[in-house]
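First comes one chain, alone, set out as structure tokens in the form predicted on its own.
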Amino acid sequence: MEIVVRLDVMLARRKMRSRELADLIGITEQNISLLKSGKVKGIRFETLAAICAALDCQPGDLLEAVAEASD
């Protein structure tokens, strides 16, 4: 099972840019970019809560568990 980050989808739904979100929650735009691309190994609950508050969503709106394709 793989966890896929759907932050880009939620940003588009809220018509918000990465820079705006970064400014709202106090992290760098680079970190938002890394989250959107899924190139992070983890996220602090504090950061996840701040993103959810800024985007008025639930963690499940941002993260999705996807079964890995078998070879």
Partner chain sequence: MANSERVAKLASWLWWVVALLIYALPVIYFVIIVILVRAPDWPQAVFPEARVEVRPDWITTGLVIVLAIVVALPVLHMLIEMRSLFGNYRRGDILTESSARHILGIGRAILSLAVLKVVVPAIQLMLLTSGHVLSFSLNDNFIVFTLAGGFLVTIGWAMREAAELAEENRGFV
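Residue numbers count along the first chain shown, from 1. Since the model is a prediction, treat every value here as computed from it, not as a measurement.
There is another form of this protein, the form predicted together with the partner chain, and it is not shown here; the text below is about that form.
- prompt: So in the model of the complex, are Val5, Ala12 and Ser37 all sitting within 4.5 Å of the partner chain, heavy atoms only?
  reply: Not a single listed residue reaches the partner chain in the model of the complex, so no.
field: 4.5 Å heavy atom contact, Gly42 to the partner chain in the model of the complex
entry: Residue-level check for Gly42: yes, a contact with the partner chain.
query: Would Ser18 show up as a contact with the partner chain in the model of the complex if we use heavy atoms at 4.5 Å?
result: Contact check for Ser18: no, nothing within 4.5 Å of the partner chain in the model of the complex.
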